[in-house]
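Listed next as structure tokens is one chain, alone, in the form predicted alone.
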């Protein structure tokens, strides 16, 4: 019998748990540890943030589902890692702290045979002074509760605009190293359409602010894509979309301080500027959780497991940007020091950025961190689960591999909610990390597999995927037929 412990119940953790439980016999234990007892379909937070969906439409409680599916669950957070055990036990374990129920505040050592770290990122609002959701007129859509709060504030502003108030709305990234520009991009397009729906668009100035060097960078250094019969840069496509909707933009901006209705930022030229606003939604920096790890003698071995996020089978050798390669990226998401520990999704430490790093004249790094959300999180989680299953069944080598350098990703960004007037921006990228050796003339991506579309059909597909992936997450009949 093997015991697999999964830390986190987001996209990666939940996908891994589902596949492990489906494919392993009941003699093997699957245990999920998560501080949140709800599963949320994060891509639909955008619609909660504009009042078009309620939180209960994008989430469901995990304990009843896990009990039904024979997956054990502890509502707790991990505090320390002990991959060699300690003086009392040779069994590897993690120390957890319960956050709910009668055991709240109690700690426990949870042993494991295999560990999947799917804790994702810490939403590091504290890395930007004053960026705290719901204060200083700044909000977030990173969680369903954040998104609900954002909608209440936006709705209040819309009502004021209906009474004649002129307003400025600022949406984008709230730190010089933020990632997840795609979520902010979706939100600004949806907010802009909601303003139109409420007949107050002419009362608002809508501004995009981002650490991107160019529009459409998305932390992937932009893409060259097929757009109908044309070939277009993602920067050109996003510029076309923004100009069509009257959205202004500020680029190369490292937001460093938020005051009441004022965002302070540094530019790549080294200038310090500020932008006033009546409502802002700014994506924070993502960071590791600051976990510590100890060996059997209680000596600190954090550097064996973590470099901010968890170390995996990547090439972390420091090298100039010109020497970065798709070969640097991990394929199995296995920790090099402890081969029974894995980290799919956002939990693994990337070897380097994907976008070209840029530094201001003052020495401040202002450029997006690499994205690992959504589709890549699900794919890497299934890959890790399948490798653990193979090991349990006696296979020695890890046969399931998938690098972001040979993996594609489809992203459908909502550009406005509505079955007849909605819109979506569909972008498919292959590979996620550009391969300039294979595709030297198309900016490292394969045309035909890298394309963009805009229109109502994109909204229908995004809407259909919302229900499909919640169906999948609830592990309903034949859920595994729905791809990651």
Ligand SMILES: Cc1cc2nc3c(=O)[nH]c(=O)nc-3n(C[C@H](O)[C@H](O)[C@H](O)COP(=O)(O)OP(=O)(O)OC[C@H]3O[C@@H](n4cnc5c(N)ncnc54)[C@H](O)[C@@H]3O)c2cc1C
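Numbering follows the first chain given and starts at 1. Remember, it's a predicted structure, so these values are computed and weren't measured experimentally.
What comes next is about the form predicted in complex with the ligand, which is not displayed.
Annotated contact segment (heavy atom within 4.5 Å of the ligand in the predicted bound form): 339-347, selected among 300-308, 262-270, 339-347, 169-177. Residue contact check for residue 210: none of its heavy atoms lie within 4.5 Å of the ligand in the predicted bound form. For the chain shown alone, residue 289 is a contact residue for the ligand in the predicted bound form, at least one non-hydrogen atom being within 4.5 angstroms. A residue is said to contact a partner when one of its heavy atoms sits within 4.5 Å of a partner heavy atom; residue 58 fails this definition for the ligand in the predicted bound form, lying far away.
The ligand in the predicted bound form comes within 4.5 Å of no heavy atom belonging to residue 255. For a residue to qualify, one of its non-hydrogen atoms must sit within 4.5 Å of the ligand in the predicted bound form; all three of 34, 121 and 377 qualify.
Among the residues 367, 335, 234, 373, the one placing a heavy atom within 4.5 Å of the ligand in the predicted bound form is 373. The listed set 452, 43, 431, 424 contains one residue whose heavy atoms approach the ligand in the predicted bound form to within 4.5 Å, identified as 43.
Contacts between 134-152 and the ligand, taken as any heavy atom within 4.5 Å in the predicted bound form, involve 141, 142.
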